[in-house]
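Listed next as structure tokens is one chain, alone, in the form predicted alone.
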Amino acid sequence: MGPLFPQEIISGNWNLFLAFIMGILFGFILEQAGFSSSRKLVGVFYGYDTVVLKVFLTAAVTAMLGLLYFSLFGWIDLSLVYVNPTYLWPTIVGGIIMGVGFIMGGYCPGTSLCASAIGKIDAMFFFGGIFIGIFFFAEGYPLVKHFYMSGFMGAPKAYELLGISGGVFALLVIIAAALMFWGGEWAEKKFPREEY
């Protein structure tokens, strides 16, 4: 029964090694899907290319259903799966900052590393900007610590906050994903597709 590391099925060293291999595979898949192109990535914001939306929704739904069924079959103990703690207000502000940076720069942190690895200079500048931001955040942490730790909600799961079962939540997510797929198809027809 998983997860593997908390159940001591694999050691910490194997856990790190598997994370390293999965990271390389993730980067390879991102590049193969065309996510090293800033025009493709921002296309979702402008409506002319919604591949990013479709790929990540597909991945999220697949992972969600996989965990749900593995839990039902007793192959994984969901109570041992780590969920990041939620700090509501800094999460909202951080999401806005990242979203603006994504639109302006054309990359998110993962795709900027992927594009840097294949030699895209704009991505290298973007990736360098991440480290500059980390430096200034670390140096200014005492000034923002109170806000950074505000809005603590523990580590809730979305279905718990909504007061519904995991299965009902999964169904709602699938319906929402299908509607977003349809919306993406509509947007691609509505807005002109740029060649890149």
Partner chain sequence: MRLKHMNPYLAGVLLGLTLLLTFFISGRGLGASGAVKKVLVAAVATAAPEHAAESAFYSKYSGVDKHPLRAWLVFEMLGVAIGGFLSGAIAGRLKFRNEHSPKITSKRRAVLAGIGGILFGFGSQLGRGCTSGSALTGMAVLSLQGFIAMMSIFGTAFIMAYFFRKNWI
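What you are looking at is a predicted structure, and each value in this text was computed from that prediction instead of being measured. Positions refer to the first chain, counted from 1.
The same protein also exists as the form predicted together with its partner chain; that form is not shown, yet it is the one meant from here on.
Exercise. Should Lys189 be counted as a contact of its partner chain in the predicted bound form, where contact means heavy atoms within 4.5 Å?
Worked result: It does not: once its partner chain is placed as it appears in the predicted bound form, Lys189 has no heavy atom within 4.5 Å of it.
For this session: Could you confirm whether Leu72 comes within 4.5 Å of its partner chain in the predicted bound form, counting heavy atoms only?
Result: Because no heavy atom of Leu72 falls inside 4.5 Å of its partner chain in the predicted bound form, the answer is no.
Exercise. Are any of the heavy atoms in Leu25 no more than 4.5 Å from a heavy atom of its partner chain in the predicted bound form?
Worked result: Flag for Leu25 set to yes.
Problem set entry | Ala158, heavy atom within 4.5 angstroms of its partner chain in the predicted bound form | It does: once its partner chain is placed as it appears in the predicted bound form, Ala158 has a heavy atom within 4.5 Å of it.
Problem set entry | Residues of 113-148 having any heavy atom within 4.5 Å of its partner chain in the predicted bound form, listed in sequence order | The stretch touches the partner through Leu113, Cys114, Ala117, Ile118, Gly119, Lys120, Ile121, Asp122, Met124, Phe125, Phe126, Phe127, Gly129, Ile130, Phe131, Ile132, Gly133, Ile134, Phe135, Phe136, Phe137, Ala138, Glu139, Tyr141, Phe147, Tyr148.
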